[in-house]
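Alright, here's a single protein chain in two forms, structure 1 and structure 2, each given by itself as structure tokens.
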Structure 1
Amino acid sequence: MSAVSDGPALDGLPAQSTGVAAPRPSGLLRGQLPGGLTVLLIAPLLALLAFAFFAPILRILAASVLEPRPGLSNYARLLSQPLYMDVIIRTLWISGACTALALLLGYPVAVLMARTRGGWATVIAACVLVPLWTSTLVRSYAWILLLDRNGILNGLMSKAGLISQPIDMLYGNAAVLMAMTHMLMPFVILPIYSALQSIAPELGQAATNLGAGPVRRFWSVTLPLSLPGVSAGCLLVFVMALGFYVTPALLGGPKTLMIATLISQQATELLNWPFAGAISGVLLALSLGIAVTFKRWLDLGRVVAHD
């Protein structure tokens, strides 16, 4: 009978099995936690979310269909009156325009951050991150100082002889759009920067060796591979813009009423919580629908990038 080797393989030949299975590494050695321990660790987070997030949302959504009487009268009122429909449409187009502007202005900044090295990279990163450390209220008042009739921009244009009288730049859609784009732009820059950082430099060099110029290299290599970051950043900006409250309230005034300001008015001034819940339900449905749409676009972008 031939002996069965249980030693290591020699000269690249596999060792013969002894019939005894090698011990498999435990879950902890593989970097995985047992299911019971995982549930125990995330239980405080789930409890906090249930108490501070899901319970209030369910309560106000229940009030929107149960008060003042069971039914969809609050939703019918919201969707039937032109005033409220104008608010919804205005919120959607301002959020969409803010997302488009943030993408157009933020993508070159993200490319510059990804391709710059040394001290300038730190300066660019500081310019992007420092506004995030400043309160939204403070930045909104800064825009008021810039755009007011007696503000900085009117003063500079008057001294330069460009205008003879101050221009009303506050309390309109343009002021809200500029301020919101400025405040939300970092949220589109950072995901795109992360996606650009993950692109191997050899891909661009290979495209150049195949005869692609800078424009063709961007459209064929850089842009498709950065689509996951683009879609993630646009989703963040659009959903955050839908619920923006402080900036539209301060810079827009009554002429630029957005859905978050409308919810606040109904809940705190008119004390109509069921109708405020109906508006919140519509805003939640819009946010979830847009998130699902962007998720599909993100998956499509990954497919294009891998192709």
Structure 2
Amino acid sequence: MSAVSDGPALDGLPAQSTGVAAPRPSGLLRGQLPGGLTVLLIAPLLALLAFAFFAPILRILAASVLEPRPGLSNYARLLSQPLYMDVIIRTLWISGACTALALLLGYPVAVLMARTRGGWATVIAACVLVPLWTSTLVRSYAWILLLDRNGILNGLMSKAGLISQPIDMLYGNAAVLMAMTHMLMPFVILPIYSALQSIAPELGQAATNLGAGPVRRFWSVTLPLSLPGVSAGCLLVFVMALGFYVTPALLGGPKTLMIATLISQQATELLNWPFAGAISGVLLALSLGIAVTFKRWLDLGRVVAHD
């Protein structure tokens, strides 16, 4: 059973005779591929990334310290104007809230997905996956139809006699949080689902045999073992939320200004690419910093999970 889980389970296995001279440390070797082949397999992806992703990013980051004159003047301006720090803090806040909501709502769905078999499993998987295949723009407009003052939700509530006057739900933090959480939930559900799937059912049975009730079983077995999925999912959602652009622009009010909108303003309204590069640099540093911190936590989670 333990072959499904990764890492330490491979320790006991002898190295396969695939041309690898000596067994490698288990932390590096995930499968039984020789190193050369691994490099060959990821080379096309690396080449594409280098050409289409790293080169432009490096170029725009270079511009941020070289133009209009070499130095950190763009970054100094960013720090000296309260607008940019305010918006960065707001972006972190919205992304954090969005991550927490997605986790709270997504975890039960992942548990349900992992425990359900047959037709219902397909239905749940479809509910999680189909929105992923719909464009962000279309989903944002769907939220507008739902939440607008003369929209579906206000119509239903006034028909039911719950409200006498329509409520303004659109163009504010609540609408943006709701829509972003909905859009990002699959990214937290799927890693948790995958972590839950890899928990051996015998562990739960063993816990029951030892007298644990459902709550104790969840807290002591299921939850700790699903932590790698939780942290991977949260990391994905948080970092993706940092760069959200379309949804806050369509569903938010002026107060829901996020950092991507400021970058676009500099790039398209003011054509100040060096400064846009400086803001992007800060966003990139934040994302990387958070990813690295989370990665530590993720490794920690794995240690906990296998202890």
Partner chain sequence: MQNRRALLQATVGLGLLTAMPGGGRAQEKLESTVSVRTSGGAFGDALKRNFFDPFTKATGVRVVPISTSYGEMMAKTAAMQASGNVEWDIIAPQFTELAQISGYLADLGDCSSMPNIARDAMAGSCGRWGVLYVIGGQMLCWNPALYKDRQPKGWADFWDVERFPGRRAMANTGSPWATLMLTLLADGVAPDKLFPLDLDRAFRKLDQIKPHVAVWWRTGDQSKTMWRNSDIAMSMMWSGTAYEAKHGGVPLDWTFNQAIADLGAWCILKGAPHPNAARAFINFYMSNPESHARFAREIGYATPNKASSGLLTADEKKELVTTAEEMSSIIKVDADWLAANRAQALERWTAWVSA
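Basically, rigid core = biggest C-alpha set you can superpose within 1.5 Å across the two forms. What you see is a predicted model, and the numbers here were worked out from it, not measured in a lab. Every residue number counts along structure 1's sequence, beginning with 1.
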Exercise for the section: Only one of these is the form predicted alone, so let me know which. Expected result: 1
Practice task
Examine residue 271 after superposing the rigid core and state whether its CA is displaced by 2 Å or more between structures 1 and 2.
Solution key: no
Problem - residue 46 C-alpha relocation of at least 2 Å between structures 1 and 2, rigid core basis - result: yes
